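Just the one chain here, laid out as structure tokens, in the form predicted alone.
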Amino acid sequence: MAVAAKLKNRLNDLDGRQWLYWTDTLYITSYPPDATHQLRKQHGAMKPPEVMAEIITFFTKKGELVLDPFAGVGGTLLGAALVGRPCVGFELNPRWVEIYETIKREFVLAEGAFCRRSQAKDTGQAINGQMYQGDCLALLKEVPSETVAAVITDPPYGINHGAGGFREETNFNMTDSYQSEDLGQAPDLESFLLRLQEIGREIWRVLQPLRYLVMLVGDRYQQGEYIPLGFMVAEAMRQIGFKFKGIRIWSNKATRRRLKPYAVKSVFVPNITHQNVLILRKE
């Protein structure tokens, strides 16, 4: 431990004990809904800002730039605000951008938590993370190379696909509801992964050497078979050059949905109550 204490920390501002805690592959949290939850819950896949703050704290030093190319309603940006990191987010859907902008107008950071601006008086700190509306692939192309310290994101892996998983291509009307730039509406798994790789190549370009891409991806259950989507995404990122460095299995007990009686007394069907925190590095 004495040797470890003398080593210069090149990644974050944590001490050795805090670093060691973060290497546990089980990542169980219990963050209740925060003050911004009522606005953010309109999005189907939001994450607690406190969880995003913990991830950001491990993979960056204070003041380093964080990027979320699938920003949603701004969980990563809010997490960055909690721990003093500048953050930029890209989001295709203008509805989610407007919710985040509403949060920026109506909430401030006070004593380590978000509260209504009207309740904070003059003690609150403004939320400064910037979100831009548009196709993340196009917006990534505008980011200078090797300027981002960490990319931390929750890609839209089938939000619009329903409980059955990815749509069957033969039953999907491309002209009515599919936008080619909308990853969340990819017609099938292969298209989803190929599009994600295209975006991943731009993430590789903007990320600084030896820094991390962290992706939160849930697994699926489709047509009676478990689909390990997290590992499929990790493999897709490996194919374009990222090194797969590890995984944390995350579950937030305070907001976890109740177990459902899938096929009780018949066959095993899992209640998928966790998400995979995929940790990839540019080497």
Ligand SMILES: C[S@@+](CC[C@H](N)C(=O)[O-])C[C@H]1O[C@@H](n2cnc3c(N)ncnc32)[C@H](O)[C@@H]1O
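All residue numbers refer to positions in the sequence shown, first residue = 1. Because the structure is predicted, anything quoted here is derived from the model rather than measured.
From this point on, the text means the form predicted together with the named molecule, which you will not see here.
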| property | result |
| --- | --- |
| Heavy atom of G72 within 4.5 Å of the named molecule in the model of the complex | yes |
| The named molecule contact in the model of the complex: P187, any heavy atom under 4.5 Å | no |
| Interface membership of L183, the named molecule in the model of the complex, 4.5 Å heavy atom rule | yes |
| Close approach of Y212 to the named molecule in the model of the complex, 4.5 Å, heavy atom | no |
| Position in contact with the named molecule when the complex is considered in the model of the complex, options N93, S191, T102, Q208, heavy atoms within 4.5 Å | N93 |
| Position in contact with the named molecule when the complex is considered in the model of the complex, options L39, I247, I227, A45, heavy atoms within 4.5 Å | A45 |
| Heavy atom contact within 4.5 Å of the named molecule in the model of the complex, the stretch among 200 to 208, 135 to 143, 102 to 110, 117 to 125 | 135 to 143 |
